[in-house]
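This document opens with one chain alone, in structure tokens, the form predicted alone.
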């Protein structure tokens, strides 16, 4: 038997749509796999009632098929589905690492990325690597032209998750088809600033580099109270705030001493608009880990 913990992730980080991702210290999925003649899946944990156990409809079933590694698979969900925190990517990454080890396939973490991405495509409709890459490799990841670059950054974060759901498919539908040259220049500048901030472990630069005027405003419309929560986080000391992935989770960057205050402010702000929420005081962390 193999047991793997795979972290939640946050993709895009504002200025890096379909390119940037980070692994989060918490929450996480735990997956246990045992050799079998055919794949079976059992799901427990947060939101498990919404996750199919049919291997043909579950991300881990697709991973098992791609690796030709049938198994009894137990998924303990710590990352809520439809959260914007890479729930399907966490399960896919954990399954890829666990089954790769169980069957001695000998694939590297980088080689497992497209396999985990194909599994996640069952949920999102497309095989994007911006969540599975950090879930497998950890750190801050930059995915470009089938190449992934990783930075082992140390940045404090708060991920605030409201009790609402946003479909990844719906979140992709609202993304504009085109942008102006001014918007492109602004986004490139922000992305460069964020990348330097990650390399320097500088929360101020990372927060500044999250600023983006195309995808974020469109997806923010799907998150009840986004503007209120963003302003509350910035007032409490966050250096930058954006929609985490497809949403509805909201990601804030801050200095360590401000993290507790930012988390409390975000929860309180959601409450003012009638939405319950929880906040994870977290940081950029390692990827999937074998127990």
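All values derive from a computational prediction rather than experimental measurement. Numbering follows the first chain given and starts at 1.
There is another form of this protein, the form predicted together with a small molecule, and it is not shown here; the text below is about that form.
**Student:** I need to confirm a contact call. Of 59, 252, 229, 246, which residue comes within 4.5 Å of the small molecule in the predicted complex, counting heavy atoms only?
**Tutor:** Result of the distance check: 246.
**Student:** When the small molecule is placed as it is in the predicted complex, are 128, 168 and 219 each within 4.5 Å of it, taking any non-hydrogen atom of the residue?
**Tutor:** Yes, each of 128, 168 and 219 comes within 4.5 Å of the small molecule in the predicted complex.
**Student:** In the predicted complex, does residue 213 have a heavy atom within 4.5 Å of the small molecule?
**Tutor:** Outside the cut-off, so no.
**Student:** Determine whether any heavy atom of residue 11 comes within 4.5 Å of a heavy atom of the small molecule in the predicted complex, and answer yes or no.
**Tutor:** Judged by the heavy-atom cut-off of 4.5 Å, residue 11 is in contact with the small molecule in the predicted complex.
**Student:** Is the gap between residue 18 and the small molecule in the predicted complex 4.5 Å or less for some heavy atom pair?
**Tutor:** Close contact exists here: in the predicted complex, residue 18 approaches the small molecule to within 4.5 Å, heavy atoms only.
**Student:** Quick one: does residue 172 come within 4.5 Å of the small molecule in the predicted complex, counting heavy atoms only?
**Tutor:** Yes, residue 172 is a contact residue.
**Student:** Can you say which of 97 to 105, 128 to 136, 193 to 201, 70 to 78 gets within 4.5 Å of the small molecule in the predicted complex, counting heavy atoms only?
**Tutor:** That would be 128 to 136.
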